[in-house]
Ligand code: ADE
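Shown here is one chain on its own, the form predicted alone, set out as structure tokens.
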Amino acid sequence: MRERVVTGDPLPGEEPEMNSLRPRSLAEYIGQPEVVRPLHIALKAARQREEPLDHVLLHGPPGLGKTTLAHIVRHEMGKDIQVTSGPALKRPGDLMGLLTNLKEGDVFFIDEIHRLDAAVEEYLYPAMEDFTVDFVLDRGANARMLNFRLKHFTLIGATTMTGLLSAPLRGRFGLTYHMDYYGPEELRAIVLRSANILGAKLTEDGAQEIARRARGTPRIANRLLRRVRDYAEVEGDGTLHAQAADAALKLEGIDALGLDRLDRELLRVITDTYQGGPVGVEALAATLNEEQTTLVEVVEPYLLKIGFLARTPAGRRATHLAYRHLGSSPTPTAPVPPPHLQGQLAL
């Protein structure tokens, strides 16, 4: 099965080139002013006091730059970074091995922190608060308690699902920032910067075309840029203008608003099979032969964001905007999106 191009999650094999496009400082970082400004102040204050930055929790949809910000904190503080993920820490011993190797002021980044095992999370509490860990060796009569003193470090946790974080863990973060989808102008600036790094000949209208199909997500924007670059080099003269971008992205099945085959199938199932809804996610998953988690965590967030989908107590419903985009007539009971989304099709 072919990977979805318009997912905010990293695709196999693309991380090395994506890493080369990441900004290394807050001055280079584009967008997220509600995060960048207070983080800049916190970093400057920590440097002035010559102490580690407080623990940071970054939450929001995938692909918006949470990992990038963790690396920026490392560069701004002039320290090293240890990177792991919630699912990778299966036992307390896995966590201990990483914590005891941290030096003073180092950054410890845990992606998908909401997926930490409960036993591992218990060991993280004293490490975050007191920078100590009591580790039990052996069992029964041979059990021994070892107290480890840790260097003061900065934990940065990233999650796409804040609601799955336990209250005790969430309360131990001193700085909490929500990252939202990017606007078209911010994405255009990101794409132009990335094209310059890659040495691609990207025009202003080409950047605009890529940006408006990138679903408000920098990772998707950079991925689409690479697909358009390949198309322009093989099928065109190497220039990434609007016509080349449009042709390349149509070839990928991505329409003018960034919707792909699965997005459109989901909407058509609701509008045609279930007469506009409401319909439960279980029925949608069975009809589309997709996992429920894929629909809830990957497909629905953007459709909700642009007002194509409405979640009601009875289930999912397609809105007037969804019908218009699909070129069909809405049912009399189809929800009308809020006024700020009424002009979404003109983006």
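Don't overthink the numbering: it's just position in the shown sequence, from 1. Owing to the predicted nature of the structure, the values given are computational and were not obtained by experimental measurement.
Only in words, not in the display: the form predicted in complex with this ligand, which the text now covers.
**Student:** Give me the residue from G157, P218, G277, G206 that has a heavy atom within 4.5 Å of this ligand in the predicted complex.
**Tutor:** When this ligand is considered in the predicted complex, the option within 4.5 Å is P218.
**Student:** Of these, E51, E28, E34, E291, which has a heavy atom no more than 4.5 Å from this ligand in the predicted complex?
**Tutor:** The residue from E51, E28, E34, E291 that makes the contact is E28.
**Student:** Is the gap between T271 and this ligand in the predicted complex 4.5 Å or less for some heavy atom pair?
**Tutor:** Answer no; every heavy atom of T271 is more than 4.5 Å from this ligand in the predicted complex.
**Student:** Given that the partner is absent here, does R212 sit within 4.5 Å of this ligand in the predicted complex, heavy atoms only?
**Tutor:** R212 lies outside the contact set for this ligand.
**Student:** Using a 4.5 Å heavy atom cut-off, state whether L326 contacts this ligand in the predicted complex.
**Tutor:** Because no heavy atom of L326 falls inside 4.5 Å of this ligand in the predicted complex, the answer is no.
**Student:** Can you work out whether I190 and this ligand are in contact in the predicted complex, taking contact to mean some heavy atom pair no more than 4.5 Å apart?
**Tutor:** Yes, I190 is a contact residue.
**Student:** Using a 4.5 Å heavy atom cut-off, which of 237-245, 262-270, 218-226, 99-107 contacts this ligand in the predicted complex?
**Tutor:** The contacting stretch here is 218-226.
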